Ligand code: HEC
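Take a look at this single chain in structure tokens; it is the form predicted on its own.
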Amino acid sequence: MKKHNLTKTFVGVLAAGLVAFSVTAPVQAEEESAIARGGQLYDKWFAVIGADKPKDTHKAWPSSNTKKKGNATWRCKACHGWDLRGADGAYAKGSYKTGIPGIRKFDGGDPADVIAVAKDATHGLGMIPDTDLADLALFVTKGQVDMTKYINADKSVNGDVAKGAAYYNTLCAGCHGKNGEKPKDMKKSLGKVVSGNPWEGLHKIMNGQPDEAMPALRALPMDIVIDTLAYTVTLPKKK
């Protein structure tokens, strides 16, 4: 009687299964990089796509706010906030107070709806190419983070500072320096920027800096991102 070769049979079944899987369940293209790019477009779209800075104040910018004008008023974050909550969040007061709502309602929504809103008469962003608007819409519908879970009203961060030190020193210090004093063209030290506006810090840790080589950490587990933020808040406020 011929001995049955179990190993050969197993390999054959596994190979057949892999072939079937590849046909019925193709690997999905990753979206994290496109979402991160969308986050940069939300930050400063004209820097990302290499467009000229808008010179006029955006027509939807309320006349009640005279503290900001010109290209600053064209950034999505200027109205809707780093925390994405607009008038219900950190921009309920301060130099960016506009009374304009945030974008939280679009979380989990249809990207096509976001593109339509971006092109409407109020926003007037039809000059942005559709491929770029697609990334922006991905960020708005799939990339939002409820920052109230991680950042408190007093600007403290719910993260592990000790763990964050290790993450910062290995991921960030090469460009920003151990004390957050680099690059030299930064107007303020990293510690001063992030401690004053941790919502901006979280957004840029996750999505990167527009038109810069800063990496986006969006693909990493959220606890690493938050711990890194928590440590960054503690860096010296030198300038």
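Predicted model, so just to flag it, every value in this text is computed and none were measured. Numbering starts at 1 and runs along the sequence shown.
Although it is not shown, the form predicted in complex with the ligand is what the next lines describe.
Heavy atoms of G201 reach within 4.5 Å of the ligand in the predicted bound form, making it an interface residue. By the criterion of a heavy atom within 4.5 Å, E30 is excluded from the residues contacting the ligand in the predicted bound form. Among residues of the shown chain, D56 is not one whose heavy atoms approach the ligand to within 4.5 Å in the predicted bound form.
A162 falls outside the set of residues with a heavy atom inside 4.5 Å of the ligand in the predicted bound form. Proximity to the ligand in the predicted bound form, defined as a heavy atom within 4.5 Å, holds among A90, V145, I100, L138 only for I100.
In the predicted bound form, the residues of 70-98 lying within 4.5 Å of the ligand by at least one heavy atom are, in order, T73, W74, R75, C76, C79, H80.
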